[in-house]
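As a starting point, one isolated chain is supplied in structure tokens, in the form predicted alone.
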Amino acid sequence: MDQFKQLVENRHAYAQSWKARTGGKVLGWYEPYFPEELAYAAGILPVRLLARHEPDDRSEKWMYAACYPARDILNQFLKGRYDYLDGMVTVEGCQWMYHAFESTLRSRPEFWNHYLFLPDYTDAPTSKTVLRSELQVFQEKLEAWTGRTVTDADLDWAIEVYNKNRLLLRQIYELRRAQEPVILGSEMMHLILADQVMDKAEMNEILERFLEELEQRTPHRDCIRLMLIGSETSDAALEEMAESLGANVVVDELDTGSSYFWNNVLPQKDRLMALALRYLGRPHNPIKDNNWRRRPQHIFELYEDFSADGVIIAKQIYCHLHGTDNYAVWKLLRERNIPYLFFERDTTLPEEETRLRLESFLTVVRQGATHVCGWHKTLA
């Protein structure tokens, strides 16, 4: 598992190495609804922009108070960490990430860039045709940028590679359903984060070997089973802390976690429509779930399917979307007598405070006091 952790830590070096080996372009992307298959079909390496936890001494000049991931990504650009990128793309979504995108362009106007609109009302009758037309525009811009025509065969290949990648991730993820899983939550998070910055064809070979290795692993025993939901993350610090206290995060609903790979592209003759339907149909974060409110039910189904004992809700400070959506999630958890712990985090975890609150919460869960809900009110 150290390989995946090292890939996340050394993701800039990996992208630079890939670029030197292949001569291809590297494209950074901000939002979870970015259609990677289109860029990959054009011979481009799509790399998710992740926060890094380093001192931020530059972003304040370019953007006002915002969520930590957005500030940190901008800070990395200003410090030259992403100088190897050839371009970047953002999708209609989080205002803070869009702010980071625009601020980066003002500081680095030479970057090729594209803004891709994706409807907020994903279930509206016209959403699929709107997104398909946006994908067509994006494809044409990619072709003009790379000087390469993206054929149906290219799209078929990219969709096949990405579908295989999601299938392999699901196979590994499903092993966490077992009462004594062979993979810890921190390990799975490192794996998923590494997957988002790697060439998927290369990653698929690694995942196939890893699946074989897992068959020989000794299961982890006697752990409290937790579910993690909330804002996206770029590390596994919270999962590692839970493990040090005798718990294991067996399921999550994060944009940088299970939601990233949960559904596949269903191939059809119109490849762009197939991509549009996939991204409109993925598990939604709060910004794309403001009409039907399907996210709380998805959370409950994951909680039940993976036999969790309690829920941790970790929200990035200034994340207004999760702040608004949390009331619907809390309501569902209370109605079903599911114990949960809520807290906000910024930059890094306040280790001692978080450990104390998590330890107290685990004591309640361990005693089987599932009738205690709204635990964040007691500990806040």
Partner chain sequence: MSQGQRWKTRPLEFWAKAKELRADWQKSIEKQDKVVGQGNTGFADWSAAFPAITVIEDNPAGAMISHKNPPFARKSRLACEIRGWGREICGYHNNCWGGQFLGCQDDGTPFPYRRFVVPFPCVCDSHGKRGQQCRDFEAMPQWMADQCIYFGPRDARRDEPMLEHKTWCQLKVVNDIERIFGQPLDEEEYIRQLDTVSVVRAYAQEISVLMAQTIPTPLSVKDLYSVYTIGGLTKVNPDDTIAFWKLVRDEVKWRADNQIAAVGNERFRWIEAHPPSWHMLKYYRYLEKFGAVCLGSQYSHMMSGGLQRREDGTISGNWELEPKGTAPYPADTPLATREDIVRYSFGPDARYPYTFKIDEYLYPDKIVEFAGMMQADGALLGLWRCGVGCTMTRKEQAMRLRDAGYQVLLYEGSQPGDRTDLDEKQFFDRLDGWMESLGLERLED
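For clarity, every value in this text was computed on a predicted model and none was experimentally measured. Positions refer to the first chain, counted from 1.
FYI, the form predicted together with its partner chain isn't displayed, but the following is about it.
Using a 4.5 angstroms limit between non-hydrogen atoms, residue 86 is distant from its partner chain in the predicted bound form. Proximity of residue 264 to its partner chain in the predicted bound form falls outside the 4.5 Å heavy atom cutoff. Among residues of the shown chain, residue 298 is not one whose heavy atoms approach its partner chain to within 4.5 Å in the predicted bound form. Contact between residue 311 and its partner chain in the predicted bound form is not found at the 4.5 Å heavy atom cutoff. The putative spot formed by 17, 57 and 232 is not touched by its partner chain in the predicted bound form; no residue has a non-hydrogen atom within 4.5 angstroms of it. Taking a 4.5 Å heavy atom cutoff to its partner chain in the predicted bound form, the contact residue among 151, 268, 133, 244 is 133. Picking from 178-186, 290-298, 207-215, 152-160 the stretch near its partner chain in the predicted bound form, with a 4.5 Å limit on heavy atoms, gives 290-298. Residues of 106-132 that come within 4.5 Å of its partner chain in the predicted bound form, judged by any heavy atom, are 106, 114, 115, 117, 119, 120, 121, 124, 125, 126, 127, 129, 130 in sequence order.
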